[in-house]
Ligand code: SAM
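Take a look at this single chain in structure tokens; it is the form predicted on its own.
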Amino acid sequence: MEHTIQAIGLIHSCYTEKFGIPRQPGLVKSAKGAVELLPPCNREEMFKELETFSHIWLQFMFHEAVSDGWRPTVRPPWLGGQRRVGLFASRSPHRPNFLGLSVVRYLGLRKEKGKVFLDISELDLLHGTPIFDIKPYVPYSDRVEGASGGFVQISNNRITVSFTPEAEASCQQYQEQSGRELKSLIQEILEHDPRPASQRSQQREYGMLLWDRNVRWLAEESGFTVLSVMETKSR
């Protein structure tokens, strides 16, 4: 049985490219964005009492993975990219229907210039991601006590992150202009080391795009140093 589904919203995210996005939601508390609701799902009554929930589930499409197709086995970053597992034992974006599920913190509904938005944080979603469904997170049923995480283990170790005076000043200026806490966002992302497993022994300069800023940082044995934060073309 076939059924066509349409996006009910689009993500506005601090992550404007895939590099730098955390591997799961909730890891980067400073990550903020919004769901722009599309007709006919941009009616306020559809979200009545959603504010009584702290978190929501977002069902979405890995839209930038579609052109690559799907694969029956994958190399999860949790295993250092060295071991293959079955696709359905992973959260790889390369899936038959390219669907993903993410839980994010809900900050409230906002109307702006005739549009309706759901403000969210702690997200792991790329700017422009299509949203297909929204549900409240219900702790008594969605959190399973004693559940096993398989090969997915979160390390408590954090990379040491420092900023050059120029980079710190740029972050401060950007926060004053936009209200966005860019420095804390950069720090939380880098503490979890966004590099692919194959590059984690390399000491060199990297870059990532966050909102409308290009962040350049140096990976060294002792930690990461943010070198510069520069303006890019506005989105």
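The numbering used is simple: start at 1 and walk along the sequence shown. Small disclaimer: the values here were computed from a predicted structure and weren't measured.
Heads up, the form predicted in complex with the named molecule isn't pictured, but that's what we're talking about next.
For the chain shown here without its partner, which stretch in 155-163, 110-118, 95-103, 136-144 has non-hydrogen atoms within 4.5 angstroms of the named molecule in the predicted complex? Correct option: 95-103.
Which residue among Met61, Cys41, Ile56, Leu209 has a heavy atom within 4.5 angstroms of the named molecule in the predicted complex? Selected option: Met61.
I'd like to know if Val74 sits close to the named molecule in the predicted complex, meaning any non-hydrogen atom pair within 4.5 angstroms. Heavy-atom contact with the named molecule at 4.5 Å: absent for Val74.
Mark Pro25 yes when one of its heavy atoms lies within 4.5 Å of a heavy atom of the named molecule in the predicted complex, and no otherwise. Pro25: contacts the named molecule in the predicted complex.
How about Ile21: is it within 4.5 Å of the named molecule in the predicted complex, going by heavy atoms? Ile21 belongs to the contact set for the named molecule.
Is there a non-hydrogen atom of Ile131 within 4.5 angstroms of a non-hydrogen atom of the named molecule in the predicted complex? Taking the distances in the predicted complex, the answer for Ile131 is no, it never comes within 4.5 Å of the named molecule.
Looking at the named molecule in the predicted complex, which residues in 110-139 have at least one heavy atom within 4.5 Å of it? The stretch 110-139, when checked against the named molecule in the predicted complex, contributes Asp124, Leu125, Leu126, Thr129 at the 4.5 Å heavy-atom cut-off.
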